[in-house]
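One chain is shown next in C-alpha cells, namely the form predicted on its own.
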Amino acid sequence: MSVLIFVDNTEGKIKKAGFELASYGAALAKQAGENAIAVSLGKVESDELQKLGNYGITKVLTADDARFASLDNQASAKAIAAAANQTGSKIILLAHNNFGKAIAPRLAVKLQAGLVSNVVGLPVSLDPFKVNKHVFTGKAIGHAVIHTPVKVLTLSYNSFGLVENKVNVTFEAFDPGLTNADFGLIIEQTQTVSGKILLSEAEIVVAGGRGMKGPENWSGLEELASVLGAATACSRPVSDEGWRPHSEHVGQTGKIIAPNLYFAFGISGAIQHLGGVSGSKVIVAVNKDPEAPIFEAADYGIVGDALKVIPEMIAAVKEIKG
C-alpha cells in the first residue's frame, strides 16, 4: 500500500502548492509506515518531476498524455482512481485549489472513500483516522473522522509548508486506459499572462478596497506590489465596480488565499472578505476608520489614508532594499 499524491501542473510546471502537497504526503506516508507515490497527468518534463524527490516522493506515475492539458475533471478523476487501484493506495491527497476541489468528490465516489477537504495538518490519529480542517471560512478548526478504508483529503494551501527530504525517485509510465469519450472538455484556444505573480502562489499579497477611491489610484499599489515581489488583489466591491479584474477578487465569494503576508489597503473588513484571507500568516491593515472591522483580524494596523500611506511604504521598502 501507499499514500498517493496527485500533483497537478500548469503548462508542464509544478507550482509551490504541488511541492507543499508532496511534503505533506511524504510526512503522512512516514507516519503511516507507507511509501509516498505521486501521480502526474499530462506532459511534464522529467527534470521537473525529479524535483518531487526533494520532498520525499519515492515514485512518480506519469501519464504523458496531452489530452490532460484540458484539466478535465471527469477524465482526471477517473485516471487518479485507476492509479489508486493500481498502487493499492488507501490515502489519496489533492491540493485544495479549484481543480482539486472539483476532482475530490468525484474521486471519493469512484473509490467509495471518505472525503475531508481543507485539511490543515497531519492526522491526529490513524486509528481512528482523525484530521483537523478549516471550518466557518477559516475562523475555526474542525475535527473530522473517516471510517472508510479509503480516504481522500484536500490540503489547505500554505498550511503545511515546504519540507525538504531528498530521496531517490523513480518513474513509471502509467496508462489509465482512457478513451476520447472520457474527455468532455476541449480547449480550442488558450491565452496566457506572463510576468505576473499568481494569487494562488504568492507569498505576499497587496490588496485594495474602496478606500483606494478609484481605479486611477491603483498605480501606487501596483508599485508597492512590484517592490515587494507580491501579487495584487482587491475586495468584491472593487471588482464589481470594474476598477480591477474579477480574477483579483479575494473573499468568501472570490479566491481563498493564505499568503505569508497580506496587506489590506482601504478595505473595511466585511466578514465575506475576511473569510477569504483569514488563513494569511500575517495581516497588515491600513484604514482611516479606527473602528473598521479589519483591525480586529489584523496583526498590525495603521490608521490613515491608504493613498498617503502607500507612497511612504514604497519609499521605506526601497530604502531597506538599498
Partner chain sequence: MKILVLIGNVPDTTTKIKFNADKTAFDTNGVQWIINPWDELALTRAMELKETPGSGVESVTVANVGKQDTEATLRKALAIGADKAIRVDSEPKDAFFVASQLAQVAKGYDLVFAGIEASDYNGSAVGGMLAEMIGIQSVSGVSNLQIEGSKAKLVREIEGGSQTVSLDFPLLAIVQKGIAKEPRIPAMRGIMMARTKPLEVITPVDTDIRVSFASFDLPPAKAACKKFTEDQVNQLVHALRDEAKVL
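Residue numbers count along the first chain shown, from 1. Values in this document were obtained by computation on a predicted structure and should not be read as measured data.
The form predicted together with its partner chain is left out here; the points below concern that form.
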The single option of 86, 159, 73, 165 touching its partner chain in the predicted complex, heavy atom within 4.5 Å: 73
Single option in 178, 82, 120, 102 placed near its partner chain in the predicted complex, where near means a heavy atom within 4.5 Å: 102
Partner proximity in the predicted complex: residue 304 to its partner chain, non-hydrogen atom cutoff 4.5 Å: yes
4.5 angstroms heavy atom contact with its partner chain in the predicted complex for residue 222: no
Any non-hydrogen atom of residue 97 within 4.5 angstroms of its partner chain in the predicted complex: yes
4.5 angstroms heavy atom contact with its partner chain in the predicted complex for residue 172: no
Residues 14, 44 and 62 all lining its partner chain in the predicted complex, heavy atom within 4.5 Å: no
Per-stretch contact check against its partner chain in the predicted complex, the hit in 53-61, 36-44, 281-289, 22-30 (non-hydrogen atom, 4.5 angstroms): 281-289
Residues in 108-143 close to its partner chain in the predicted complex, defined by a heavy atom within 4.5 Å, in order: 108, 109, 110, 112, 113, 114, 115, 116, 117, 118, 130, 133, 134, 135, 136, 137, 138, 139, 140, 141, 142, 143
